[in-house]
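As structure tokens, one chain now follows by itself in the form predicted on its own.
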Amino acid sequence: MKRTGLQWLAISVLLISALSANADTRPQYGGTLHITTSMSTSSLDPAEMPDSVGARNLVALIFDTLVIVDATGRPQSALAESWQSVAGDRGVEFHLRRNVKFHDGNPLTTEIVVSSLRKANPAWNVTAGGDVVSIESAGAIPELLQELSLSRNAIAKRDATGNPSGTGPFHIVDWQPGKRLVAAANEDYWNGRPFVDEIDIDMGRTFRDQMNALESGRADLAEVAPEQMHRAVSQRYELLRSSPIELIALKFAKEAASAQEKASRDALRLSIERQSMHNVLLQGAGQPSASLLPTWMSGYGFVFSTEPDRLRAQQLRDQIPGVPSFTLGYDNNDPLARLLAERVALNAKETGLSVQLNASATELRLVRIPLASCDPWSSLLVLNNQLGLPPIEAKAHSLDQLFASEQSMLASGRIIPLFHLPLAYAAGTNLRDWTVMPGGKLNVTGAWLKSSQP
């Protein structure tokens, strides 16, 4: 009897342990998820927000797009259940998902979708007929589906004062422009109610402030600077990162006005030692790059050499009368940008070029550019537009044409790629089942908070 009692006691302990472990991993509803971010915006209208990954994350909480793209860049259904090409691939017809409501209680209609897309894309021919939304153009638009997945094309219903309402997993409770957003779970969300009751987002915080908030328990989720990723791991936070999706580059405001100016830009490009910056300043994060698109996206980024060529740089410099000089601007609120700018100036000096630093300079700036999508063509087309370069032909896109288009953009001398960096986030031990997409988008719709109570 005594042995039997001990056996039952052991079995009971095992059962209790198993049930406890199961409860620990079973999603729980409730709680407020506290997020801190460096991003700051004065508007929540997707057509007016700045293009940054942080802004895309905000949009995804409140709004939906007609389609989304998966980790491979392929379009998937969202507010549009299905679609089909028409008019010889010059247009697409979309059939909307039924029984979807905006946060203000109004149903999703084709008329609202047309109005929203026209605001974001005045040049598009967008029409409604029955339950179908049609988008047409004068030429082929092979990247339309990927473009519709971009945040600026999220569907918003605007009231008489211009305030937007969305159909997303969370609705706005409190909005302090540029400072704080509190959003509550959408109980009737078409894709399932989120687990957390609220999300409280603290904006405009430096990376250091964010880590302090995480360490003190004031935040459950924070952004991590690329050069601080090792530290976050050593502190035993859960660290997730995207694929290298943010381009750090030197961007010129205008095209070179002369052959001598073009030669001086080439000399600057050839003088930069990316690898040493990568090892020391970036602590090995990301990848040195001389291409606009990262290799994981295009498949050919390695073809563009990242090695400096000082001999050729000096030869170009010797062809130019006087000392070629540049004034390099950067984000004064970004410590990494300052360090990278200083190293670029040092490399240039060693080649006989002069680079002066002035944070407010506009003719040449060190910039961070979040690539628009996991789809290479969408990213390249958006970047081409941002640089103000001639439009790329809209025809059936091939890998050869992608490579040729990128070569042409680089040959313009408007941009000198330096690095592709991942976006990283760290979370405390109570946050579970959150994910980061390859394109950097943070997915917390399915995340939940482990209760601190026994």
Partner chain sequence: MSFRRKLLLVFSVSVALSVAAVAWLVQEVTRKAFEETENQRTSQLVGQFQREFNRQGEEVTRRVENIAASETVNRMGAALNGTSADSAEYFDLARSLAESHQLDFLELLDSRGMIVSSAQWAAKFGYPEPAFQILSPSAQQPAFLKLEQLQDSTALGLFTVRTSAGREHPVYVVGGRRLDKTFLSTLNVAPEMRVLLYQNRGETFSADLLVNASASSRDARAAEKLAPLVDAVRRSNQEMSTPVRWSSDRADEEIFHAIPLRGLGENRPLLGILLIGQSRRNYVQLSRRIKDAALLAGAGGIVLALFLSGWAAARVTRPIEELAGAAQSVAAGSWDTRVQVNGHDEVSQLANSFNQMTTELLAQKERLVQAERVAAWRELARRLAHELKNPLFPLQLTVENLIRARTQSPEQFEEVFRESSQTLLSELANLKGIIGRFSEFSKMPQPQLQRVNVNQVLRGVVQLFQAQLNVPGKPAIECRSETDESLGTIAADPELLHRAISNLVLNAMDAMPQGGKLTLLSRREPQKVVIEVADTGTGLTPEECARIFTPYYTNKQHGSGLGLAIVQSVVSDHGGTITVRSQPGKGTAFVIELPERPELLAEIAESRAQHAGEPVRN
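Small disclaimer: the values here were computed from a predicted structure and weren't measured. Positions refer to the first chain, counted from 1.
We do not show the form predicted together with the partner chain, though everything after this point is about it.
Quiz item: So which of 337-345, 316-324, 371-379, 292-300 is the stretch with heavy atoms within 4.5 Å of the partner chain in the predicted bound form?
Solution: Of the stretches listed, the one contacting the partner is 337-345.
Self-check item: residue 81: touches the partner chain in the predicted bound form, heavy atom cutoff 4.5 angstroms
Solution: Outside the cut-off, so no.
Quiz item: Using 4.5 Å between non-hydrogen atoms, is residue 131 touching the partner chain in the predicted bound form?
Solution: Looking in the predicted bound form, residue contacts with the partner chain do not include residue 131, since no heavy atom lies within 4.5 Å.
Quiz item: Would residue 236 show up as a contact with the partner chain in the predicted bound form if we use heavy atoms at 4.5 Å?
Solution: Heavy-atom contact with the partner chain at 4.5 Å: absent for residue 236.
Quiz prompt | 4.5 Å heavy atom contact, residue 256 and the partner chain in the predicted bound form | solution = No - in the predicted bound form, heavy atoms of residue 256 and the partner chain never come within 4.5 Å of each other.
Quiz item: Of the residues 193, 208, 179, 218, which one places a heavy atom within 4.5 Å of the partner chain in the predicted bound form?
Solution: If I apply the 4.5 Å criterion carefully, the residue I get is 208.
Self-check item: Candidate from 121, 384, 115, 283 lying within 4.5 Å of the partner chain in the predicted bound form - any heavy atom
Solution: Going through each option in turn, the one that passes is 283.
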